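Only one chain is shown below, in structure tokens, and it's the form predicted on its own.
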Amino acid sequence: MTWWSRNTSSQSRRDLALRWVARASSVLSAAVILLIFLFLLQEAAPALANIGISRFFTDTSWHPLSAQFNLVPMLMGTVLTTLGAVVIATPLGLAAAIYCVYFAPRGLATWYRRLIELMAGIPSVVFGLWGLVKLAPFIGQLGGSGQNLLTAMIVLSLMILPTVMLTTCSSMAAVPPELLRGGAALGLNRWSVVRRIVLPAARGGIGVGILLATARAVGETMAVLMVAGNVVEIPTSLLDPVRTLTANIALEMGYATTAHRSILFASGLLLMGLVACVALVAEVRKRSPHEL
């Protein structure tokens, strides 16, 4: 056997081993997700069978001890907090990514990116403490205690900002350099190249990053619990306190029993469904033919 044959055979064995490891990891990940879903479904089954899904939306209020199980205020709080955070974080993340990739000096861009990566690793409770001690009193000058929907949006937007920025950086870096050179050859300045060529070419990856940030915002608990006010009501303004589904589970699971406990698991199942929908949209967006 020649050296070339031995090297090729060794490489094939390594490729085969890597393929099986990747398959096993994929199966394990899918199995974990399925087991979590089945666990939530099992725990939520009593509520789904005895109370019914319709009462989650038609009961007059959320008072589990009085057999009132309206989840609409928490669902609205979750949706509004998430949408507000995404609306704030998306333009900031796009601007930061554009500056980092195309306008910042190389040395500054490297440290800037590392700072954003460090920001992504900050525990959520730290964001919550900062929002509670510094941001809430400032927002409170506009009215109320400061623990409200607006504060939760701002804190949550800072938490998902790194996801938007880093995925946008990766998407823009993947744009073929031939397109950039073509734009420069046409006489376009740097901003025109970014606006007319880079952003349209990278919009698929940017959209996926925004959806991934949305999924993280939906599931955030601790920081939102600390700054949102945790009042079970549908907000009518940005200064109204809200309670999200995740915060409701964290606050009440410790003492919940029987039907109350099962309802909390049903709300967890609802959260998993929301995240699954966001992930599905992200996957469809990723496979879109508009992306390079």
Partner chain sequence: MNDIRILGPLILLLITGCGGIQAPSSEASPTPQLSGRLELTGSSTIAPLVTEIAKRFELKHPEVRVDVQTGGSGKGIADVRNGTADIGMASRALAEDEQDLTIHPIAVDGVGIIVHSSNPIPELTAEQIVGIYRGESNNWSEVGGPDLQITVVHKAEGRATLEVFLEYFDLENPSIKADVIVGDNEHGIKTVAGTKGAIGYVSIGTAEADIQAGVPIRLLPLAAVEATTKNVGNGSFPMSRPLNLVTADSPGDLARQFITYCQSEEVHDLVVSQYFVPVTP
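Residue numbers count along the first chain shown, from 1. Since the structure is predicted, the reported quantities are computational estimates derived from the model, not experimental observations.
FYI, the form predicted together with the partner chain isn't displayed, but the following is about it.
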* Have a look at 25-33, 262-270, 47-55, 60-68 and name the one stretch with heavy atoms inside 4.5 Å of the partner chain in the predicted complex. => 60-68
* To do: Could you check which residue among 76, 194, 161, 132 gets a heavy atom within 4.5 Å of the partner chain in the predicted complex?
  => 132
* Structure fact -> Answer key, the partner chain contact in the predicted complex at 4.5 Å (heavy atoms) among 219, 144, 84, 183: the residue is 144
* Should residue 235 be counted as a contact of the partner chain in the predicted complex, where contact means heavy atoms within 4.5 Å? -> no
* Is there a heavy atom of residue 226 lying 4.5 Å or less from a heavy atom of the partner chain in the predicted complex? -> yes
* With a 4.5 Å heavy atom cut-off, would you call residue 137 a contact of the partner chain in the predicted complex? -> yes
* To do: Look up in the predicted complex whether residue 41 has a non-hydrogen atom within 4.5 angstroms of the partner chain, and give yes or no.
  => no
* In sequence order, which positions of 186-200 have a non-hydrogen atom within 4.5 Å of the partner chain in the predicted complex? -> none
